[in-house]
Every structure is written in C-alpha cells, then in structure tokens.
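What follows is one chain in structure tokens, specifically the form predicted alone.
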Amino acid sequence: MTKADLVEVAFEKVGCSKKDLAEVVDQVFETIKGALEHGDKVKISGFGNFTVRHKKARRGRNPQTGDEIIIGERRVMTFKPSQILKDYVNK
C-alpha cells in the first residue's frame, strides 16, 4: 500500500478533497518522522510503537572478501506492533 492508496481510501471514507487528504497524510508522516528524529517514542494506540535505538560500533566482515571491517555506530528505527494489531492480522 502506498501513500496514494492511503489518500484514496481516506477519500472514499471521508469524502474531503484528495488534495486536502494528501496534505493530512503528509503532515502525519512528517510529524512522526520529526518525533523519531528527536529520539521520541511514537505510540499509535491499537497499532504499535515506533522507537529509535542507538547501536554501538562493532566489528563485522565483508561477505565478498572476508576482510574484517568496523561497522559504525548508528541509530535504527524499530516497530513493535500492538497486541490488537497482532490479533487482527492473525484472526
């Protein structure tokens, strides 16, 4: 499902203009991205939690050459679905 698909579904259910709905969808995503960028946790009730974790630098291997390399520290985003979403998907 794409962002355009989300706008289309919202258009069918709500009936506002597609342009306005596209702006709402974009703003929701921008708000979520901004919160995650600042390290905040995003909790959407009934859907799940988005969090950013800090991973330390570690040693790894180049799979093509077998040479050892250092993988730098970085931040990674994680998503943990809510139990409601898990139950809905598995029903």
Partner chain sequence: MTRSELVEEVASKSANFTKKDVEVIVSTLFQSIADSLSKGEKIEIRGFGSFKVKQREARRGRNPKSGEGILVEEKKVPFFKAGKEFKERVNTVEQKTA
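Positions refer to the first chain, counted from 1. Everything numeric in this text was worked out from a predicted model, so none of it was measured.
Keep in mind that the form predicted together with the partner chain is not shown, yet the notes after this line are about it.
Q: Is there any non-hydrogen atom of residue 14 lying within 4.5 Å of the partner chain in the predicted bound form?
A: Yes.
Q: How about residue 43: is it within 4.5 Å of the partner chain in the predicted bound form, going by heavy atoms?
A: Within the cut-off, so yes.
Q: Should residue 31 be classed as touching the partner chain in the predicted bound form when contacts are defined as heavy atoms within 4.5 Å?
A: Residue 31: contacts the partner chain in the predicted bound form.
Q: Hey, in the predicted bound form, does residue 54 get a heavy atom within 4.5 angstroms of the partner chain?
A: The answer is yes: residue 54 has a heavy atom within 4.5 Å of the partner chain.
Q: Taking the partner chain in the predicted bound form, which residues of 5 to 31 have any heavy atom within 4.5 Å of it?
A: Residues within 4.5 Å: 6, 9, 10, 13, 14, 16, 20, 21, 24, 25, 27, 28, 29, 30, 31.
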